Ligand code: ARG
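As structure tokens, one chain now follows by itself in the form predicted on its own.
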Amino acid sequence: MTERKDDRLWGGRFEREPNAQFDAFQRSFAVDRRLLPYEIAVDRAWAKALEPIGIFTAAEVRQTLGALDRILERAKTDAAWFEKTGTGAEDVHHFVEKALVEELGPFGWKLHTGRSRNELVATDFRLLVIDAAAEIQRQLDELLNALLTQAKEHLSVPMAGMTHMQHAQPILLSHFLLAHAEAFTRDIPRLQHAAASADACPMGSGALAGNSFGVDRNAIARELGFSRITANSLDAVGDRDFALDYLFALTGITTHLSRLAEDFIIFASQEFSYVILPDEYSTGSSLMPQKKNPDAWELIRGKSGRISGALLALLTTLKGLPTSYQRDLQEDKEALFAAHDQVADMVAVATGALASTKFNAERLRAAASNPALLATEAADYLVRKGIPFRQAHDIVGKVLRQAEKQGVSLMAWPLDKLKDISPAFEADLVKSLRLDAALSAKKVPGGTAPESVRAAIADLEARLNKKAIKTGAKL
């Protein structure tokens, strides 16, 4: 073992340096360097908070703020310096202190008065989650607008709606697209909840017990843009519920993306041929020249598992931890950062692929025009003639069974044959068994009738345009 060095944040109690392998194992700067802009913001707020309590003079505050600004700018513009200084840093907090001492000499150590890395990382992480949620919300708006645009452009295109992956009833393509849009709109409140959960400032909590110098916690919170302070110092340093909330929101988004991807993968198959894949978001085969593969959608579907895994990983890390800060919490950021980056890419690719997709209107209309899809309309027709629905359902089922045996469609079955099964059938049945009539009949709010879908499009557009999203710094 080598003699202890003096540049660590915690070394006074130790005689010897850590084991080299353990020292590398416990360092986190390679991951938490991403927090640097937030760390600098918190350091600035802390420097200002130390003046009213007599730790810093006004001149020392100005000196410290100037040095912090230079550190952040140099980190952005001088990659070599950033890497060199970071090489010896345990974490982002150690990096800033080393850089401050490089700028200010031993005075740089004074900024850490009365605070702990436990509260620093909790504060930095909360600020990042607030910005991260705003960034993904902006991207979801773009995806929703792509869905809205496609829905507007294809309002006249019918398709075969499915349950159990079987053709069921005719719907409008726009209705299908708006169904996905509704799912993504539900993700936005979850993102906003995650941001609201993170919107509490831990600074002044110390390592676990609070601050001994009487800093103004509310002033620090206001300086950093938080709406409130955390209520309990012991809870504040160990709480990562906000990170769970954010990962849960991301998991919801990717679950919806995966379902959207699955639909488009199926629709792109030759058996369906509902969509024409855009070249820009497709790949080919290294062996088969004719192939055009829906790789954008397949990768979105596949990568969704990573996000669910990140949520489960953090839940597992937090389960059973004692109250207060534990070093296990160092594991909270890497999975969240990776999940955020993946979701940002997934939403962007989905938006581009969706906007570039062409729909095969002829094929969609042909599938929707299958007379078998109008069986429910035939049952509804009988209900209007006074027959109870369960009996009407059975009658139409018998008609379909006989028609199948004869190799004809429901539409082609002669009226006299229909009357043999039920005298309630009349010549006006044909008016009900039309594609346009079947669609128009579903004119309840939320239904697939053209007028209902137009109203849904207008409603979604109004919701998207209601107010601009509050944005944070781009990550």
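As the structure is a prediction and not an experimental result, all values here were calculated from the model. In this text, residue numbers run from 1 along the sequence as written.
As for the form predicted together with arginine (ARG), it is not shown, yet the points below apply to it.
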Review point. Might Lys303 be said to contact arginine (ARG) in the model of the complex, defining contact as any heavy atom within 4.5 Å?
Key: no
#### Entry: Non-hydrogen atom contact Leu373 with arginine (ARG) in the model of the complex at 4.5 angstroms
no
I'd like to know whether Asp245 contacts arginine (ARG) in the model of the complex, with contact meaning heavy atoms within 4.5 angstroms. no
* Should Gln330 be counted as a contact of arginine (ARG) in the model of the complex, where contact means heavy atoms within 4.5 Å? -> yes
The one option of Glu223, Asp131, Asp263, Asp91 with any heavy atom within 4.5 Å of arginine (ARG) in the model of the complex is Asp91
Students should find that, of Ala249, Met203, Val121, Val396, the residue having a non-hydrogen atom no more than 4.5 angstroms from arginine (ARG) in the model of the complex is Val121
- Task: Please state whether every one of the three residues Ser174, Phe267 and Arg363 places a non-hydrogen atom within 4.5 angstroms of arginine (ARG) in the model of the complex.
- Result: no
Within 4.5 Å of arginine (ARG) in the model of the complex by heavy atoms, the stretch out of 57-65, 438-446, 414-422, 24-32 is 24-32
